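The chain below stands alone, shown as structure tokens; this is the form predicted alone.
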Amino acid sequence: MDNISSLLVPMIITGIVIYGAIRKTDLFGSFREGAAEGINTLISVAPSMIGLVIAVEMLSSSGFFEILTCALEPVLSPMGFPAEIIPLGLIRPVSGSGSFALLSNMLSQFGADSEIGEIASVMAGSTETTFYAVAIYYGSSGIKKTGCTIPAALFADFCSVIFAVMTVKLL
């Protein structure tokens, strides 16, 4: 299996070169055009990404997520939501890397087979980094008004969190 995976990339590149030669395509010219287009996309997306990263760091450093967790815990705990998963539900729409770091800590602290570990895993797999996705896709497309996208996506994330808890508790 290791041999196959180490040969896969060279085989794909060789296949592309052979296909381009058969079709008489200027492969290097196509590569240059694609690279230039990628750089243009990066330049158009960079301001949105920089703003998002700064906002996430400001919220995390200020203790906003901890304050919100403390405020939501008395409301959500009686409904069966473990207090330990609240931070993951709050951070996931904002930061993918932050939420996966939190998930990793939760899995090492509580175990992957614990109820909290299972809920956190289902939640991480069924929610989206909403603000990141909107920043990337809308930023690269030049769309300035998000309309109902963010509220609808956050509602979907909220439903995913609820159903993650319900699914693990019922099954």
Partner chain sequence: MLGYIWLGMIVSSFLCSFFTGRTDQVAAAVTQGADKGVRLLISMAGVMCLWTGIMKIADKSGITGNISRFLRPVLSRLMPDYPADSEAMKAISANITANFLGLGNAATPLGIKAMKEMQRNNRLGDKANPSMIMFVVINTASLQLIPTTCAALRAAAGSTDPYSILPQVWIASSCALAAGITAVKAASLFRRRKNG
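Residue numbers count along the first chain shown, from 1. Heads up, when I say rigid core I mean the largest set of C-alphas that superpose within 1.5 Å between the two forms. Every value quoted in this text rests on a predicted model; they were computed, and no experiment measured them.
Just so it is clear, the following notes concern the form predicted in complex with the partner chain, a form of the same protein that is not shown.
Novice: Any chance residue 130 has a heavy atom within 4.5 Å of the partner chain in the predicted bound form?
Specialist: Residue-level check for residue 130: yes, a contact with the partner chain.
Novice: Any chance residue 110 has a heavy atom within 4.5 Å of the partner chain in the predicted bound form?
Specialist: Output for residue 110 is no: heavy atoms all beyond 4.5 Å of the partner chain.
Novice: So in the predicted bound form, does any heavy atom of residue 86 sit within 4.5 Å of the partner chain?
Specialist: Because no heavy atom of residue 86 falls inside 4.5 Å of the partner chain in the predicted bound form, the answer is no.
Novice: Taking heavy atoms and a 4.5 Å cut-off, does residue 70 contact the partner chain in the predicted bound form?
Specialist: Output for residue 70 is no: heavy atoms all beyond 4.5 Å of the partner chain.
Novice: Using a 4.5 Å heavy atom cutoff, which residues in 154 to 171 contact the partner chain in the predicted bound form? It's fine if the answer is none.
Specialist: The stretch 154 to 171, when checked against the partner chain in the predicted bound form, contributes 155, 156, 157, 159, 160, 163, 164, 167, 168, 171 at the 4.5 Å heavy-atom cut-off.
Novice: Residue 131: with the rigid core matched between the shown form and the other one, does its Cα shift 2 Å or more?
Specialist: No, shifts by less than 2 Å.
Novice: Using a superposition on the rigid core, decide whether the Cα position of residue 121 changes by 2 angstroms or more between the shown form and the other one.
Specialist: No, residue 121 moves less than 2 Å.
Novice: Once both forms sit on the same rigid core, is the C-alpha displacement of residue 144 at or above 2 Å between the shown form and the other one?
Specialist: Residue 144 C-alpha, core-superposed: shift of less than 2 Å.
Novice: Closer or farther: how do the Cα atoms of residue 47 and residue 101 compare in the predicted bound form versus the shown form, where the change is at least 3 Å?
Specialist: It is closer: in the predicted bound form, the C-alpha atoms of residue 47 and residue 101 lie at least 3 Å nearer than they do here.
Novice: Comparing against this form, do residue 57 and residue 108 have their CA atoms pulled together or pushed apart in the predicted bound form? The difference is 3 Å or more.
Specialist: Pair moves closer in the predicted bound form.
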